[in-house]
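The chain below stands alone and is given as structure tokens, in the form predicted alone.
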Amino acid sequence: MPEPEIAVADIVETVPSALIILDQNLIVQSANRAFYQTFHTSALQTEGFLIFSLGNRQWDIPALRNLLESVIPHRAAVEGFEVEHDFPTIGQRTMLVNARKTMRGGGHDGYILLAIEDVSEERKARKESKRNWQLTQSIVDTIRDPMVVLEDDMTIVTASKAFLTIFGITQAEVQGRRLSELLQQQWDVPALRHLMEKVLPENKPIENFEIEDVFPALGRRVFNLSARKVFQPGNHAHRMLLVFEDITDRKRRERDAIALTNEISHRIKNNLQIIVGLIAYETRWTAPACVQGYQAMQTRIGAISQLYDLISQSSCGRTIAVNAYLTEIAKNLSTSLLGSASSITIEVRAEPLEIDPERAVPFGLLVNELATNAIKHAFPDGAGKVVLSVVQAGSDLELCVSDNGIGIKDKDAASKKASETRGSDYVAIFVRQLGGAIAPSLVEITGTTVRVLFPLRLTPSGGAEPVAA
């Protein structure tokens, strides 16, 4: 018999929870080290005493007394009995008690084993989490835009009242379900799913992701989605906050404005083309000395006409593609000044850049003026090439109009020639309207290049943020 008692004692000391052994009269027979450390007591103050009289009777707890005196005599074991009490030695604590009755010999004598686990911090954390969640839910319900909170597996934890109201669904119908399963699976969009899968692991927020579809009871709607990761420090839990902004009315106004802009631009372009046609008709009957003036006017109006043609074809109506604009200007110059039999060609080399409509007109007129000057003065033998190019140079756009013509023979002539032709009043006006400057012309063995630098971004009046060109 002594050997089993030693083995039992070893087991009792090994258990990490506080453990106390009572006889049938609820007298403490022994306790382990964890019990003494947890409740700041000793064996001399514990063993041989009625459990309810320990210390200053801190164990005389009605709930525990009921368990030991009423429940245990009729049951062999009790699991997870929770006791919340203010212990004088350690303060307010929540204890989880497991009790088991053991019998010896004839079954009339035995012990009661009490395993006591301090779960105070866990319960405190649970209450704190519940309070935080209630606060979170209150915040979510306060926000006017529809919103859902998602787990890392994309299941819905909760949805705001705005979300439930606008989509005519209940909290019970959304909780625990994947976003892609809701309604008629309008949110099951591969591109959105791909982006959302990156939010949690890579901490990459989603901004301005648009979804347009027909929603039950709502009709066609456009929603702007934004998502980001949220977490609570200390519990390593990560969730995703997904906000839905209904931008249907805004998108409708934008589309209406674009459609109106395109329609007006198309009409302006047609009217300008009529004027160009009238000028071309007049050149047939005017004196030869006036033909060049008519043709210059024709190409200038044609450049503006091509701008409005691009605007009328644009889907956004905000910016003009430089390469497409230069191509149209080159076509107009070839048609009005050169003709199909000419040996002078115009080539476009432009990076895929854009310019704001406010500067597109002076830009087009400047290109037209420089190219016209090159065509008129660089090729006395009637053969050659003019290159229109635009590249980004730091924070500027660099426009180059170059030719492989006769060039300029000396610096004095270069100065004089630039002031008379390429440095004309028209060119100076257009450059000033672009907010740019003429860079020094490159004097080459053959040909001439004129470079104009102007800002890539346009700064509106009033100190507002710059607008991308």
Partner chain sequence: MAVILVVEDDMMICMVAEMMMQDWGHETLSASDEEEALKFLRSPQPIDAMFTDIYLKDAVLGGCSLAHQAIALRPHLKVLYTTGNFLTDNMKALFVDGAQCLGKPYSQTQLHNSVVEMLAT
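Positions refer to the first chain, counted from 1. Rigid core here is just the name for the largest C-alpha set that superposes within 1.5 Å across the two forms. This is a predicted model, so every value here is computed, not measured.
The same protein also has a form predicted together with the partner chain, omitted here; what follows describes it.
Undergrad: Using the partner position in the predicted bound form, report whether residue 332 sits within 4.5 Å of the partner chain, counting heavy atoms only.
TA: Yes - in the predicted bound form, heavy atoms of residue 332 and the partner chain come within 4.5 Å of each other.
Undergrad: Taking 4.5 angstroms as the cut-off for heavy atoms, does residue 359 touch the partner chain in the predicted bound form?
TA: No, no contact at 4.5 Å.
Undergrad: Does the partner chain get within 4.5 angstroms of any non-hydrogen atom of residue 309 in the predicted bound form?
TA: It does: once the partner chain is placed as it appears in the predicted bound form, residue 309 has a heavy atom within 4.5 Å of it.
Undergrad: For residue 78, is any heavy atom within 4.5 Å of the partner chain in the predicted bound form, or not?
TA: No, residue 78 stays farther than 4.5 Å from the partner chain in the predicted bound form.
Undergrad: Taking the partner chain in the predicted bound form, would 225, 227 and 239 all count as contacting it (heavy atom within 4.5 Å)?
TA: The answer is no; none of 225, 227 and 239 reaches the partner chain.
Undergrad: Between 372, 336, 158, 186, only one gets a heavy atom within 4.5 angstroms of the partner chain in the predicted bound form; which residue is that?
TA: For this set of options, the contacting one is 336.
Undergrad: I need to confirm a contact call. Of 194, 253, 144, 284, which residue comes within 4.5 Å of the partner chain in the predicted bound form, counting heavy atoms only?
TA: Contact check passes for 284.
Undergrad: If contact means a heavy atom within 4.5 Å, which one of 364-372, 115-123, 293-301, 215-223 is the stretch that engages the partner chain in the predicted bound form?
TA: Correct option: 293-301.
Undergrad: Does any residue in 262-287 get within 4.5 Å of the partner chain in the predicted bound form, counting heavy atoms only, and if so which ones?
TA: 262, 263, 265, 266, 269, 270, 272, 273, 274, 276, 277, 278, 280, 281, 283, 284 sit within 4.5 Å of the partner.
Undergrad: Taking the rigid core as reference, does residue 324 move its C-alpha 2 Å or further between the shown form and the other one?
TA: Indeed, residue 324 is displaced by 2 Å or more.
Undergrad: Would residue 273 count as moving between the shown form and the other one, using a Cα shift of 2 angstroms or more after superposing the core as the test?
TA: No; that C-alpha moves by less than 2 Å between the shown form and the other one.
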